[in-house]
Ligand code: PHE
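A single chain comes next, written as structure tokens; it is the form predicted alone.
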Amino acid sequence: MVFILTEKSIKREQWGSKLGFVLAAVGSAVGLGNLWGFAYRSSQGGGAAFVLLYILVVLVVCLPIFVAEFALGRNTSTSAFLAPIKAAGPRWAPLGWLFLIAPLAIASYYAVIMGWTADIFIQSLFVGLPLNPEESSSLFDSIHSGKRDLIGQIFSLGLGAYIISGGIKKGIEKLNKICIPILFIILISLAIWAAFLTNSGVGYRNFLLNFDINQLANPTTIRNAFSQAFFSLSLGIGIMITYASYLNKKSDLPKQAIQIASLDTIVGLMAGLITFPIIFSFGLGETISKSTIATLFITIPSGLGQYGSIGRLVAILFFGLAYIAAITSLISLLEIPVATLIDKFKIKRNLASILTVGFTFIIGIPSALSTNILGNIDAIANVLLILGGFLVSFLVGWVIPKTLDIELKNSGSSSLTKAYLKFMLKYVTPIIVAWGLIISVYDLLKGWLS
């Protein structure tokens, strides 16, 4: 019974500062989905057409859901698993289960990808880079086969457990206060370097100026825009609910939602300003469109390998950047089940972290052994995020609208802001998310059956 606490002995942690919360939320939002998925999905969706759809989804759909999740988390002051039940009763328990299952599923394969990222980083640092796509593909085959997969997975999960066990202030907040500024410094440096590559202009045109209007009605592009927005912003999964549960009552929720969404979108766009010049400067356009894995672990290493010692230095910075972004996201995924164990079963944080990581490792083994399984879990998880976003918007907009009123009042929001958010969450956001969900499920099933 050493690890069990009585309910009275638990005092819920809080963020040390508003900046700490914003950086932690940005850290959760900014991950491999920005550096890895944004460029790939943009290349599939006709460049600017995908970017436009993505920005529209963020503005019209994600920002109201952001505030809704913040309001639900702060009002209930409990984990995402328990928040729907506390707010609306036991009939909403399935939403809590979704908030527990989805982050565990994502963390299980996310840690595998982090292991690959760390492996390429070490390869760049101590060995060198492949000189062509064939060598790069061979290197990646050696990385994701056998023990190297599992070692990278264990290391990433172990690091995540160590950080989370430190708590909100001394663990999660402290890490993000260090890592997020470093992330932006590296990101800006790489974007400046990429601007001077031979075909950077061609890369920019394909990323931001190549507009295929037909892509706006393409189900795959629509699904990718919704998936990218929800995944990269960590919405519909319970992360922002859990993080907001550690907030004080004075934080301005709409303002913080805008700050986090804006910074995340900037990172995604800047990542595109790095990857697209690399791809088109080294003639790797065909490789990127084949798979998401090809973008990060085959295309970029082989492209930078052609650039000599400078390319090697850039690879070290890029994959270091990717790992920093990934670890700040992984800890947010792990915090949901950890918070659940603490709030539901009164288990100490250290033990909760160990139990969570151990279970995540076990369910992640199939993803470590098969990239096909990893890809399928990723596709399903992205649909679950959109489903979670729909349910949150419906819950806050229709079932517990007073919760939103209370938290917007605590935030000091203007009457116009209140009216806008209440209208969106009741009449606009649920309908658009439902439409995106139907298209996403249809497109996913069509891809599996074809």
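Quantities reported herein were computed from a predicted structural model and do not represent experimental measurements. We number the residues from 1 along the sequence you see.
There is another form of the same protein, the form predicted together with this ligand; it is not shown, and what comes next is about it.
Tell me the stretch among 117-125, 329-337, 200-208, 162-170 that has any heavy atom within 4.5 angstroms of this ligand in the model of the complex. Going by heavy atoms within 4.5 Å, the stretch is 329-337.
Find the only residue in 28, 411, 393, 43 having a heavy atom within 4.5 Å of this ligand in the model of the complex. By the 4.5 Å heavy-atom cutoff, the listed residue in contact is 28.
Looking at 180, 253, 374, 239, which is the one with a non-hydrogen atom within 4.5 Å of this ligand in the model of the complex? Here the answer is residue option 239.
State yes or no: in the model of the complex, is some non-hydrogen atom of residue 299 no more than 4.5 angstroms from a non-hydrogen atom of this ligand? Contact with this ligand, no.
According to a 4.5 angstroms non-hydrogen atom cut-off, is residue 425 in contact with this ligand in the model of the complex? Although this ligand is absent here, residue 425 would stay clear of it in the model of the complex, with no heavy atoms inside 4.5 Å.
Though only this chain appears here, would residue 32 touch this ligand in the model of the complex if you measure heavy atom gaps against 4.5 Å? Result yes; residue 32 sits at the interface with this ligand in the model of the complex.
So in the model of the complex, does any heavy atom of residue 140 sit within 4.5 Å of this ligand? Output for residue 140 is no: heavy atoms all beyond 4.5 Å of this ligand.
For the heavy atom contacts within 4.5 Å of this ligand in the model of the complex, list the residues of 205-232 involved, in sequence order. Read in sequence order, the residues that approach this ligand (within 4.5 Å, in the model of the complex) are 231, 232.
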